[in-house]
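Just one chain is shown here, as structure tokens, and it is the form predicted alone.
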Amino acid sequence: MSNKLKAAIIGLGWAGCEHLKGYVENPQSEVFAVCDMDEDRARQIAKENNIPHVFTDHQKMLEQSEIDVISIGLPNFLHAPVTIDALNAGKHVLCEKPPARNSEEAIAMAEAAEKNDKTLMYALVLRFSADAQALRKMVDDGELGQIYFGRAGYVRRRGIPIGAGAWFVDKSRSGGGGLIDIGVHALDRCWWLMGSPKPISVLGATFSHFKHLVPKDVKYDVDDSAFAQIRFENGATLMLEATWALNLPGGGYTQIAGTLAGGKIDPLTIYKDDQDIIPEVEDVNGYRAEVDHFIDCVISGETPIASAEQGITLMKMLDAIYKSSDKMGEIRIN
């Protein structure tokens, strides 16, 4: 009899299938079931990967006592309810980003994890790139000194997603636009590289100027660009920009500066005095590394680096950017 963790995936879009590959490749796990509303797709994926069970109803799947861990790759509005269902069913959960539509949902998810004594981890995959892991180790080892500045961006010149049923651009289902979709990646990785300091205030601005790029019959009430400055309890500050559409060149960047040196990733470069140092790092698949970390934490009982509590803090920062834009002023974070 196998003593591997039995995994299940709910939602077989691109992200869910990346999770599936991670479980298939990890020697400590095997995929027991998949679940998707598109039964034909689910059965095809199950057949290709020798997965024994297929479901179209996640509640029916959660009744299977054999399942130990679940990955959730669903639209944002389903993250909280399905994660809470899975935790209450006694399963450990790896939930796709963003953690939720807002911090209130993230708090409820964390409470469910604590109540059921289960691991809840968020799939913040940019933390798991080789560059990011190497740079964070340098930060932890003190090689950059005190980190006091971060700058992050995820900028698309044009790239507004619609999604099934146009959920990406419907705030009631997505929680927001470019900021919560791709800005969450830029913000999270930079904040984590800075040592995850406690945020205390946010000054933000969001804009929606590109509704004309989506079909006329599609509801569009989200931001297509967002810009923010976040200040932290330790005195550090972070500058963020995130856009689905902007009349400037697109691209992504993550940079941090400390009292001894600075660094950026993609590619990893360290700036010390007048030297640009490019350390050698072994390339890794971030999605595989993410699933491996989740499995290791479930087995060991250790807290994941992208924990339920960090998900709450991340969502509080995103909430504050939206509130600051509405108020046209600074927002304090409790």
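When you see a residue number, it is the position in the sequence shown, counting from 1. Computed from a predicted model, the values in this text were never measured in an experiment.
There is another form of the same protein, the form predicted together with a small molecule; it is not shown, and what comes next is about it.
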{"query": "Interface stretch in the model of the complex with the small molecule - options 159-167, 195-203, 251-259, 208-216, non-hydrogen atom within 4.5 Å", "finding": "159-167"}
{"query": "The small molecule in the model of the complex reached by all of Gly11, Glu96 and Val125, non-hydrogen atom within 4.5 Å", "finding": "yes"}
{"query": "Residue among His185, Arg101, Arg136, Lys118 with a heavy atom within 4.5 Å of the small molecule in the model of the complex", "finding": "His185"}
{"query": "Among the candidates Val69, Ala306, Cys35, Val291, the residue which, in the model of the complex, approaches the small molecule to within 4.5 Å (heavy atoms)", "finding": "Cys35"}
{"query": "Distance check, His79 to the small molecule in the model of the complex, heavy atom within 4.5 Å", "finding": "yes"}
{"query": "4.5 angstroms heavy atom contact with the small molecule in the model of the complex for Tyr287", "finding": "yes"}
{"query": "Non-hydrogen atom contact Asp181 with the small molecule in the model of the complex at 4.5 angstroms", "finding": "yes"}
{"query": "His53: touches the small molecule in the model of the complex, heavy atom cutoff 4.5 angstroms", "finding": "no"}
